[in-house]
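Below you'll find only one chain, the form predicted alone, shown as structure tokens.
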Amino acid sequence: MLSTIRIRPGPPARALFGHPWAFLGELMITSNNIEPGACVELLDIKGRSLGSGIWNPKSQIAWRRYSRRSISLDGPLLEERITTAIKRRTGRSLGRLIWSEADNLPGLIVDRYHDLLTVQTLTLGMDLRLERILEILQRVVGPREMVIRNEASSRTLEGMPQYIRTASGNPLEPSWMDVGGVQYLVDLVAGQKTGMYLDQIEQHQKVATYAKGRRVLDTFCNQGGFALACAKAGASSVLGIDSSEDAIVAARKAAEHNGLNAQFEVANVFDWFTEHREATFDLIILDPPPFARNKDSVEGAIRGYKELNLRAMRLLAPDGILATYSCSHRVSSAMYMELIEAAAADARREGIVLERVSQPTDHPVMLNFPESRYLKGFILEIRA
């Protein structure tokens, strides 16, 4: 039988309306004997169950739901949850296998890189169950190796150390692997995120369908995902820009390895736009990192996104294509469209929406959990 905690009287907690989190200040704690990381049932003010979650009073997000039922994660449920998440991605050899709350496994992230896996446990409840998680993944997926990428700064909010290691304890060298039809030298131990940014692979292919014969600019290019896909699709010229020297080195290696004609520069994108106001392109990609990391930064993020889109529109040739994205979950799709419209008005350009795009299906959106809705974008034709 699970220990219980209750919602505190006061302003309605989001958990009452289906959100999978309860914050420490929203809760009445009737017992000090609940171990951090334990499975706990949450009750509303009248004693009705809101489901079971993992508990950590060291975190402001003290309770994270994994089931609507009163059930422990330490029985067969953990394996059931992992197996169900993997079955949802049947047929994918590259991409996200498990995505935290959206798969009812709060704080567990697993990415697949063909015969390799990366694993992150970002909550104490999942971290305490890491060895069992690894055993299940090995049995169900059968990877050649698993890399535990537990260096995320969010772990400190849960009172956990940061580290990276392989499941076997053996070193794992970078290796060339196919990512969307292009070979990349992928470093799962020292690369960004879990090795690469996997959530835009589908967009790389989509944008590349517009690239043939066009002059392409890929900003915030990281390891060159959009740039190299466009080069492979027959772009007349390709330039990728990123402030990370390591990312640009990796992009250049991939271009050479694949025999693709693409140039890459280390530069601050805003500064680059200022210094190259006379440049002209037929296709520009804007795929920046999240600008709004908290609610106080939303206003500044909107200004930044608008300025980026304005500068890009000014460099586009008539009937050029703008592929523009935001991965800030606090900036909604409607907000993003509004700032693009404002940028077009300031640029005195007419825009036609060719495609509205969102995150791939291996990053599912969970109802009543807006934090899972993060990636949005538009592919536009910018007329004179």
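Each residue number is its position in the shown sequence, starting from 1. Computed from a predicted model, the values in this text were never measured in an experiment.
What follows is about the form predicted in complex with a small molecule, which we do not show.
With the partner removed from view, which of 72-80, 103-111, 280-288, 134-142 is the stretch that lies within 4.5 Å of the small molecule in the predicted bound form, judged by heavy atom distances? So the stretch in question is 280-288.
I'd like to know if R149 sits close to the small molecule in the predicted bound form, meaning any non-hydrogen atom pair within 4.5 angstroms. Answer no; every heavy atom of R149 is more than 4.5 Å from the small molecule in the predicted bound form.
Look up in the predicted bound form whether V269 has a non-hydrogen atom within 4.5 angstroms of the small molecule, and give yes or no. Result yes; V269 sits at the interface with the small molecule in the predicted bound form.
Please run the contact check for S244 against the small molecule in the predicted bound form: heavy atoms, 4.5 angstroms, yes or no? Yes, S244 is a contact residue.
So in the predicted bound form, does N222 come within 4.5 Å of the small molecule, heavy atom to heavy atom? Yes, N222 is a contact residue.
Taking R330, Y336 and Y374 together, does each of them reach the small molecule in the predicted bound form with some heavy atom inside 4.5 Å? Result no, not one residue of the spot touches the small molecule.
Which of these residues, R129, R311, H204, R214, gets a heavy atom within 4.5 Å of the small molecule in the predicted bound form? In short, H204.
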